[in-house]
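Taking the form predicted alone, here's one chain by itself in structure tokens.
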Amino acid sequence: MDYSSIPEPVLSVLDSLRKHGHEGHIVGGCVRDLMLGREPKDWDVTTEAKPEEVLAIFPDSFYENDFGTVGVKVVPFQKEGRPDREHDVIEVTTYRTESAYSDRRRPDQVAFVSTLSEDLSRRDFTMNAIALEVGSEGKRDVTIIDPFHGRADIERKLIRTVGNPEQRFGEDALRMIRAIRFFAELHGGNTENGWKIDDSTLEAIRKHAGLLSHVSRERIRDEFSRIILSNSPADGVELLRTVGLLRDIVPELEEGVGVGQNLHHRLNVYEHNLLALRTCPSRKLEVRLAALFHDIGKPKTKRGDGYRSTFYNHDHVGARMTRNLLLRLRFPVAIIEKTVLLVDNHLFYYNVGEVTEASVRRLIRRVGLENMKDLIDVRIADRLGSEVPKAKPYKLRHLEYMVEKVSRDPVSVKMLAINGTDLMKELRMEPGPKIGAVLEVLLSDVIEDPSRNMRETLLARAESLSHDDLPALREKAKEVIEEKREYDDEGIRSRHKVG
């Protein structure tokens, strides 16, 4: 393990605590990440110093909670974040223990203690209960403090609670989802050598799954989102189901278990949704949620049985169900609207030779050009979730080509800095075909030299054209425009590999 990557601001905080006669240890998730060879996103320090003492040592800090955590502002050092930010924050927390959790969500009382071992004993999992003691300036030796054998569990790829798992989950039921979230983030899809949850920990989750109803929807949403965005989201969702947690988070998904489909699908509805999530090509939360929920309306719309089953309007029914479940989980409005839009439109019709440019424009107007790639990603997930061998067939590539072609509209009088109204108003031209002819000639000029697309330049050019015999000029303009269209279309076709 390479400890040389501990950032200087973190070391500086430890040095400052030491100079004022206090202990200071790096602790928690950042230690776990270091041992995993990952770059920590947050850095936490724990100390026996009380919050008011920490505030005195670090005047540029803040304390706005009941858990003894002081946010110490330091110079920016994290790779993530806005480049123009004024500071980063290192959280410095006083050693503490927590009393009974009557509501299964938060401790009835937080008590500050004097030893690191007491503090580590309250933590959730052994891999998060490891501390580092770093030597003073000039001698940066590092001592690992690991009373619960978290380092060995990391090496064994084992997620295990600190102490009795039933007690840990009884204190805070959210820890059950956190265990599965860590599994999904670390598992990597490796069923043989990947991470696992300790048997006693897993059994305690099954036994106490009902306690999740005591946890706020917002906290559940945050952990569920991280599962969906993890390296193994489908494995995480399936584990939520097998231990009995999914029924409290998204019971609508479980309605698809065992519900057969038709001749186009071997998998049942739940298996298909899960495989669509597993194969989703996007890393966006809304797209992955849409992949998971795209057929969530099928159980409610199923008519008939066997290979001739139908699911008419399951896309629209599923969109309404998706809206309701995301509202229940307190997702932000923007996430809800985007996910619902993708579910509602995932069955868009497109066959090469049957769909016109006008119909593609209507699809773009309905969905939004900015959402077209995400909608295609949901369609790809749907296809792969149906076990088809090819993620993006020719017709999807052709759709991408058509979307780019009609959305760019690279050769149009709309791109000119003036229009027909300007010609009639400024040059007093009469309405009629001559206005269109002049605009086309102006467009050919701009295609040849985009710098000409300025109001005064175009008006001056139009003034000279208004006195000319235009048929020949118009024919020349047509040649330039068509040549440009063909050139652009060839490039677009080539990019999307369509003939």
Ligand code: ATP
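One-based numbering along the sequence shown. Predicted, not measured: the structure shown is a model, and the values here were computed from it.
What comes next is about the form predicted in complex with adenosine-5'-triphosphate (ATP), which does not appear here.
Interface residue among His398, Lys405, Arg219, His272, judged by heavy atoms within 4.5 Å of adenosine-5'-triphosphate (ATP) in the predicted complex: Arg219. None of Tyr95, Phe182, Phe293, Phe169 but one reaches within 4.5 angstroms of adenosine-5'-triphosphate (ATP) in the predicted complex through a heavy atom, and that residue is Phe182. Residue contact check for Asp468: none of its heavy atoms lie within 4.5 Å of adenosine-5'-triphosphate (ATP) in the predicted complex.
Contact check for Asn128: a non-hydrogen atom falls within 4.5 Å of adenosine-5'-triphosphate (ATP) in the predicted complex. In the predicted complex, at least one heavy atom of Arg178 sits within 4.5 Å of a heavy atom of adenosine-5'-triphosphate (ATP). Among heavy atoms of Glu463, none comes within 4.5 Å of adenosine-5'-triphosphate (ATP) in the predicted complex.
In short, of 242-250, 285-293, 301-309, 119-127 it is 119-127 that has heavy atoms within 4.5 Å of adenosine-5'-triphosphate (ATP) in the predicted complex.
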